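The chain that follows stands alone, in the form predicted alone, written as structure tokens.
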Amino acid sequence: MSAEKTNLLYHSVCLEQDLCKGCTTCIRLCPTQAIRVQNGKAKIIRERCIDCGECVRRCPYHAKKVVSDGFDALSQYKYNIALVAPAFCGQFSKATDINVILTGLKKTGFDDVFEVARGAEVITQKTREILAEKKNDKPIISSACPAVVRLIAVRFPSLSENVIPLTSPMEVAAQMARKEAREKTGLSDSEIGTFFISPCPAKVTAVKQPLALQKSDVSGVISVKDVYIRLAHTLSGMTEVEKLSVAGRDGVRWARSGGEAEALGIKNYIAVDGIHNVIKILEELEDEKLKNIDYIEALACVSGCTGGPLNVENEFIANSRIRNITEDMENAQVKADEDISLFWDKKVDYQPFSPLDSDMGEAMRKMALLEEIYQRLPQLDCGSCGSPTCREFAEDIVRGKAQEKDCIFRLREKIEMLAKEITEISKMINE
């Protein structure tokens, strides 16, 4: 199994068909209606997938997988740096000191560590400056969550101008880490590996094929689960701890929902977490119902990055640990070098679904047919046909991906009609 790529989007979320039982759980929970169940197996519509990881989290048979890098990728570089997200620090019950976790990581195969919270502090500072300028009279949407940025690209293109064009803390941290490593070791960029320890598949995709950057400064992405297994064993026998943490409170609390907005120190903001809740807020924004809001912190995972599907710990417990860690922390002195790029270097374009037909006239005819079929359907959105809604099912029929008899209600009607005809014919014969 490998990650999949289309002309538009790369995807880290993949299906392991042998494990899929065709239960339809995923089609009901996918926020972008990107999954169908056909011939007893789930199928991911790649152009609709945003790699949010909901199907990974919810599949009862663990048939949805995330393809990320392994520790063997470190062998490609002379010097390897672990980019440690603040959410990672909430995964360990006995490690209340960030320095313990960072020291342990250096013993698992990394030459150095760098806190992504430092990148978050830089982005916080730059966001404050942008908000202070008040050049945008619309609510600004955070660009920190790549799943939300992709969601806007495929489903809410009218809101693309609302997204603040700042690169993610992960990317800023990677640039800063490389600069420090070059100065420390004298090595070139090609000899330095920067590996993000990721709580979610969207971060994997954001590195492999970034939407708003020409190229990511992150060399690879290793899942939290893979690192956790190694690190948990290392921590149990560790006696000496290096003082490695330099990040402050504002950066570390980005790990949980609301932490980014709190760090900004603003009043009129919304902090929404959970991809389905994010969609509700974006719909409100699209309908121009949130004009009094200055900033929207939108995170695909419940509780924020502590709730990522590649994490190990319960998100609410991890959230509590982050809160305890930051309680007595002070803010760090934030300074970003001028050669650190903070803004996107390309525009995030609308990623449309495939049209019904390349010919406009034929597309209109198919749209009329779609509406005609939809009116014949029960409009219960039960999902038993393998499509998430009756409207999506009608579209699948028009696209030649499904048949009307796949609807159990329409099939039952036909069977009842056929049974009635047989009964009438039988009566005629007997007479």
Partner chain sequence: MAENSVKLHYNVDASDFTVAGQASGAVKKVLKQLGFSADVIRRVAVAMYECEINMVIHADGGEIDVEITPEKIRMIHKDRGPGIKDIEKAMQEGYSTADEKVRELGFGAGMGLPNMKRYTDEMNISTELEKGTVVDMTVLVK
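Positions refer to the first chain, counted from 1. If you're wondering where the values come from, they're calculated on a predicted model, not measured in any experiment.
Unshown form predicted together with its partner chain; subsequent notes refer to it.
- In the predicted complex, its partner chain sits within 4.5 Å of a heavy atom belonging to Arg391.
- With a 4.5 Å cutoff on heavy atoms, Lys208 does not count as touching its partner chain in the predicted complex; it lies far away.
- Among heavy atoms of Arg155, some come within 4.5 Å of its partner chain in the predicted complex.
- Although the partner is absent here, Lys289 sits close enough that one of its heavy atoms falls within 4.5 Å of its partner chain in the predicted complex.
- Every residue of the trio Ala363, Met367 and Glu395 has some heavy atom no more than 4.5 Å from its partner chain in the predicted complex.
- None of Asp226, Glu161, Glu191, Glu283 but one reaches within 4.5 angstroms of its partner chain in the predicted complex through a heavy atom, and that residue is Glu283.
- Only one of Pro355, Gly265, Gly186, Gly237 comes within 4.5 Å of its partner chain in the predicted complex through a heavy atom, and that residue is Pro355.
- The chain is drawn here without its partner chain; in the predicted complex, the stretch among 368-376, 23-31, 401-409, 64-72 whose residues come within 4.5 Å of it by any heavy atom is 368-376.
- Residues are counted as partner-facing when one of their heavy atoms sits within 4.5 Å of its partner chain in the predicted complex; in 56-75 not one qualifies.
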